[in-house]
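What follows is one chain in structure tokens, specifically the form predicted alone.
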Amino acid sequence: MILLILLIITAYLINLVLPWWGIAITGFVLGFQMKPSSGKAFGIGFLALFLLWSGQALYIHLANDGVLSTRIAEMLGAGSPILVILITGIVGGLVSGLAVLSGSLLGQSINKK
């Protein structure tokens, strides 16, 4: 639970300064420091960024009456702006989940030696 909250907060703050890939740095460092088990690392990393990016995309969708997400859905042929919001969350979740998993596995392998 602490890892989930830390990921959401740090990823949000990192996204204010760095491009989208900054979430991978955050996830890797936190995974390395906290060393959760493999399944837990990926699950927490995925959930944290899925919630953060989907929430931010939903906020933007509601703030501009869906203009931006509707245009992106048309451009991608997705059909629904809600589908674009879900895809945004899934992409962020996969990047973060794999980063936390990588950091966790590296931390565990260093401790075994």
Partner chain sequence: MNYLKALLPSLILVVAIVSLNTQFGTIPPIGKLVDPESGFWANAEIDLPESNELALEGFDGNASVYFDERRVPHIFAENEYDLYFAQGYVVARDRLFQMELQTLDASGRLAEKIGERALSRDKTTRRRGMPYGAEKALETMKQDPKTWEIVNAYADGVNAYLSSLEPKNYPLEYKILDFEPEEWTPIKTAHLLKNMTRTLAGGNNDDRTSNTMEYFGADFIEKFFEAKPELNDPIIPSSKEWDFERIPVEAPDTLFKPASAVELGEYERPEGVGSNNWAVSGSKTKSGYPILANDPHLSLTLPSIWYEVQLHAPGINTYGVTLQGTPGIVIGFNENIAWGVTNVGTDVMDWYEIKFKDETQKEYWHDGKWKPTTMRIEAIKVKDRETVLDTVIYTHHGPVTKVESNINEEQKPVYHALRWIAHEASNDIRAFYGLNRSENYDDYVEALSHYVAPAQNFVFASNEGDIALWVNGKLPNKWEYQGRTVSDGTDPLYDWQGWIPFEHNPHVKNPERGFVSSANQESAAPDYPYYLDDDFAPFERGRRINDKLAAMQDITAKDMQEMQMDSYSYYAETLLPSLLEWMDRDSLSSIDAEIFQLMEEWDYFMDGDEIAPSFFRHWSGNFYRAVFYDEYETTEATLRYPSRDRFVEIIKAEPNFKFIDDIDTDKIETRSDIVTISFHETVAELENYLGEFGDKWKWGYFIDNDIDHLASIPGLGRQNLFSSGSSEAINATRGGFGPSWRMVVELGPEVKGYGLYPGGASGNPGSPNYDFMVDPWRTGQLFELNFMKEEPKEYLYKLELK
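Bear in mind the structure is a predicted one, so any value in this text is a computation, not a measurement. Numbering follows the first chain given and starts at 1.
Another form exists, predicted in complex with the partner chain; not displayed. Remarks below refer to it.
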Requested in this report: Flag R71 as yes or no: does it have a non-hydrogen atom within 4.5 angstroms of any non-hydrogen atom of the partner chain in the predicted complex?
Outcome: yes
Report task. Would you please decide whether L30 lies within 4.5 angstroms of the partner chain in the predicted complex, comparing each non-hydrogen atom pair? Result -> no
Query raised in the report: Within a 4.5 Å heavy atom cut-off, is S37 in contact with the partner chain in the predicted complex?
Result: no
Requested in this report: State yes or no: in the predicted complex, is some non-hydrogen atom of F46 no more than 4.5 angstroms from a non-hydrogen atom of the partner chain?
Outcome: no
**Report entry** Partner contacts for 55-75, taking the partner chain in the predicted complex and a 4.5 Å heavy atom cut-off
**Finding:** Q56, A57, Y59, I60, H61, A63, N64, V67, L68, S69, R71, I72, E74, M75
